[in-house]
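The data below hold one chain only, encoded as C-alpha cells and taken in the form predicted alone.
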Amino acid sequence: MIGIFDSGFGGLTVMKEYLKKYPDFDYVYLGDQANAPYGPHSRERVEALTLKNIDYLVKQGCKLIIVACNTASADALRVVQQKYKGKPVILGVIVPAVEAAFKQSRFGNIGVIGTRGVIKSGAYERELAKYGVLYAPTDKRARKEVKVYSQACPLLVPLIEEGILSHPATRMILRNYLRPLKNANIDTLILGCTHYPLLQKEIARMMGKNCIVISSAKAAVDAIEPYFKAHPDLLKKISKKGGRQYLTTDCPERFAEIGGRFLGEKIEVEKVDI
C-alpha cells in the first residue's frame, strides 16, 4: 500500500498523478484537516504533527509514504526519514521538483511560488543550490549558474479550495503574484504548493511559452519510476488490488466535497482520530 500524507487537500493532486500512472496500486490518503494549514505553525509543531500522521500510516501497513505537503517536506521530512531509516520508504515533493526544474531550465533563472511558510523556509532555494553544484558541468565556461526568484502567494490556496479558479478576481491576483517573476525573466517556474496544479494552465498562459512550469505533484510521481527500478524489492511489497481510502482528521463532509473537485470524481471520506 502507498500512503500519501498532506495537511489538507493539496496532496490529492499528487494522488491524482499516482492514480494515472499506477492505477492498480492500493492507496490510503491522509489529510490532517484538524491542524491545517501547516504553514503558520512552528517548525517543531510541524515535525510533531508530521511524525504523528506518518506513524498512523506506518501502522496501516504502508510500504511507501509520500509527504505531499510542501511545508512538511521542508520542515519535517528529514526527521521522519531518520526515525524510520527506510522502513517504510518516505519521500517528499521538494527534491523531485527541484531536480526537474534544474534539468529543464535553460539559463538557470528559476522561480518558485508557494505559501508564505514554504517560501519563508527557503527549502527550495537550499535544494536548488545543492543541485546546481551537483549537476554543473566540470567545464566552468558551460556552468549553469542558478538564480532563484521566490514569490509567496497566500491568497491562492483559499481561492482554489473554494473552487474559484476562472474568476476574474483570481486571474487578477495571480497576475499580480507572477508579475515580479516575469520581470525577472525566469525560464522555469516551480509550483511549490500541491494546490497550484489546479491553476497550472492559467499560470503557464500568463508566464508565456518561454517559461517551463514544473508541478511538484507531477515531478514527485515522475521521479518514482526510476526509484522503483533502483529498488525492485519495494515495488514487489506494494499491494496491487486497486484499493482507495481517503481519511481526514476533521470535517469529512467538507473534505469529500473539496477533495472530489481536486480528483475530478466523487469520493468517500472517513474521519479518523490520530
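For clarity, every value in this text was computed on a predicted model and none was experimentally measured. Quick note: we count residues from 1 along the sequence shown, nothing fancier.
In what follows, reference is made to the form predicted together with a small molecule, a form of this protein that is not presented.
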Option from 206 to 214, 63 to 71, 242 to 250, 228 to 236 whose residues, in the predicted complex, bring a heavy atom within 4.5 Å of the small molecule: 63 to 71
Partner-contacting position among 100, 178, 77, 157 - heavy atom within 4.5 Å of the small molecule in the predicted complex: 157
4.5 Å heavy atom contact, residue 105 to the small molecule in the predicted complex: no
Any non-hydrogen atom of residue 190 within 4.5 angstroms of the small molecule in the predicted complex: no
4.5 Å heavy atom contact, residue 198 to the small molecule in the predicted complex: no
Residue 118 within 4.5 Å of the small molecule in the predicted complex, heavy atoms: yes
